[in-house]
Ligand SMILES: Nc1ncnc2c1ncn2[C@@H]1O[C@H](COP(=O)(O)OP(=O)(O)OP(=O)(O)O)[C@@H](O)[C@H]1O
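Quick heads-up: it's one chain on its own, the form predicted alone, in structure tokens.
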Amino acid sequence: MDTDNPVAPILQVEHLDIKFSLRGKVLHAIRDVSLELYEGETLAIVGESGSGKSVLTKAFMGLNDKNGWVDHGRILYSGKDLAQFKTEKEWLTIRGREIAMVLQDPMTSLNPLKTVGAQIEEALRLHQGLRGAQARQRTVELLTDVGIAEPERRRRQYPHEFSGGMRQRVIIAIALACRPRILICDEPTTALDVTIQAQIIRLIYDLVHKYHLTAIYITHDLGVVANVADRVAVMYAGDIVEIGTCREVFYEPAHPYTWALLSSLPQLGVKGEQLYTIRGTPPNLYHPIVGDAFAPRNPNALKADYIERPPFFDISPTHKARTWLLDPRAPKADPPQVLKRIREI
């Protein structure tokens, strides 16, 4: 996608708040998030565990737990506000058919009592209306597309007869069977060994282009981001703190949290020296956040960071960050020196 001349977004999130009721308390998981997703692009959403990446994207499919709800805001897709959906019947018009998801643990996503072919055919029947020989033929085609050899034989096997990498390929085939417009990949390589991870990442990249999909990657692996993303959104404590093209976020990061994430890359480590770690812990989202949520962990924090939530400051037409350091009145703060080595890796 040409991010310099964006067309109307395929999906638009406006001032979204999501809350959960847990043990008599309310957890504010997503805090006033706005986001645009453009057709044909791959957007990566990165951040520490618990930053809200999965909660945000599950809201696009109505997959959050029943103790959660959209408290405020809109999720606009094809003229509909998905935040207003209440029934399973409404969600079935979107889930799988328009927006599909590849989850991180394929073993819990597959039914161990059904053959993989039957599970792919079920998706084809529900979303494409295919049955019998047509469904079997399409199943073989999908298994071939995801790189499974001998697809005719393999479709008759059960999930336990497949390796972890092969099971993930089956999950991808099921997602593609629905012919979605948007494919969400929720840490799709977390449960796999490192050699298989590269294969799955490459496979998804190729299939996104073959099927002309719009993709969202959820990950904490910045190496994955560098290889697949057009744009990157950085999340912290339920909020998007920086967003820009992949090159902008990697080479010209502006938010101190983004600086810290990038400084933690193992590739930037020096032999004999301790790897960089982000001090402190994320805030407790059961309590209201005052100011910049990252301020207590930010060595460059300003007084304003503890008083008022910073607005987004535009750095370029495609790059913005939510930090008071970009205010013209703020003292100059330079990124860590270690980030200069990113261009070398």
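Start at 1 and count along the sequence shown; that's the residue number. Note that the structure is predicted; figures quoted are calculated from it, not measured.
Keep in mind that the form predicted in complex with the ligand is missing from the display, and what follows is about it.
Interface residue remark: D314 is not counted as part of the site for the ligand in the model of the complex, having no heavy atom within 4.5 Å. For V55, a non-hydrogen atom is located within 4.5 Å of the ligand in the model of the complex, even though that partner is not displayed.
At a distance threshold of 4.5 angstroms between non-hydrogen atoms, T277 is out of contact with the ligand in the model of the complex.
With a 4.5 Å cutoff on heavy atoms, E187 counts as touching the ligand in the model of the complex. Only one segment in the set 33-41, 292-300, 306-314, 64-72 has any non-hydrogen atom within 4.5 angstroms of the ligand in the model of the complex, and it is 64-72. Although the ligand is not shown here, in the model of the complex the stretch 20-53 places heavy atoms of F20, L22, L27, A29, E48, S49, G50, S51, G52, K53 within 4.5 Å of it, in sequence order.
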